[in-house]
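Encoded as structure tokens, the following chain is the form predicted alone, with no partner shown.
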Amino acid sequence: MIEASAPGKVILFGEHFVVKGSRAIATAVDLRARARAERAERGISIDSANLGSSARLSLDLSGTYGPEMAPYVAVLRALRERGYSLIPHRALLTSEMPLSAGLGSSAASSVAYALAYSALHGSPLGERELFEVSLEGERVAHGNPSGIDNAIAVKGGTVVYRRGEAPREVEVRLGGHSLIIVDSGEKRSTREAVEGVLRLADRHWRALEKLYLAADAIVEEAIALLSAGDAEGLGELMNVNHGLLSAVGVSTAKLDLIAHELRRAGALGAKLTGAGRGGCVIAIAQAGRAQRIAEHVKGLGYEAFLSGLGAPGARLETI
């Protein structure tokens, strides 16, 4: 039995704008996806506990599975193209993250599965190959992913990322502060949200180009504030970044309400994270106040989690 895990993530700054070349900052959170794999006598069985779905495959990758399981078939196909023979096995996928919430659950699951299978094969993937293989799964799931979800699931920590470039680690000095992650309960499609913003940008590029430049400037300033440990300044930038995301049409009335309630309860700043049009809102707060703020939004009917910044990346748990 092999078990591998990979962290979920939140995007602190820059989502959507990263798709057209701006930078984004992401941090790994203390919620993980796991994949357990073991050899079987014949065929390939992949079960997702959270999705309630399964795939039953022969070794030529034909078989029965729904679209939600297609990313894991794409992972196997990418591994085969890299010289891994397909061996009979069973895999069970689980996740501590709510689904379709913008926390990178699908990418973390693809990363964990690719690592578990390659380790079962006897040759665990290195970081670069693990990123490339798992990204094939995300392309099936989301169409035109930026790659940041996979990068953070592989590396962990906190990184600044620009499409086409290797992620760069960001120094974080925010001891005494916590992230609050609030699930709005609104389910959304990352693919639809990303494609919608791209269509808007293509139609009105002369006007929206300035928003993309502003988003990149926010990332530049946020890198300095993270290094300086300036949580108050980061909170202010989170509020501004939320406004930019609202301007391109990916906030909702519920996301705006949650952000407002988090700030009203004492958070230093709050913004939607991920694709938007549903999903999660994040906030930064002093650690001593974070639990009380989380309880406030729980009292309004939302699920809330506390997390540090920069959780460990993909790892083998048992061999």
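Because the structure is predicted, anything quoted here is derived from the model rather than measured. Note that residue numbering begins at 1 and tracks the sequence as displayed.
Although not depicted, the form predicted together with ligand MEV is the subject of the following passage.
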Using heavy atoms and a 4.5 Å limit, would one call Gly156 a contact residue for ligand MEV in the predicted bound form? no
Considering only heavy atoms, tell me if Pro98 and ligand MEV come within 4.5 Å of each other in the predicted bound form. no
Using heavy atoms and a 4.5 Å limit, would one call Ser184 a contact residue for ligand MEV in the predicted bound form? no
Contact flag, Gly279 vs ligand MEV in the predicted bound form, heavy atom cut 4.5 Å: no
Which residue among Ala215, Val248, Val194, Leu125 has a heavy atom within 4.5 angstroms of ligand MEV in the predicted bound form? Val194
Residue within 4.5 Å of ligand MEV in the predicted bound form by heavy atom, from Ala116, Ile148, Met238, Leu93, is Ile148
Quick one: find which of 50-58, 268-276, 254-262, 30-38 has residues within 4.5 Å of ligand MEV in the predicted bound form by heavy atom distance. 268-276
Residues in 9-29 with any heavy atom within 4.5 Å of ligand MEV in the predicted bound form: Lys9, Ile11, Glu15, His16, Val18, Val19
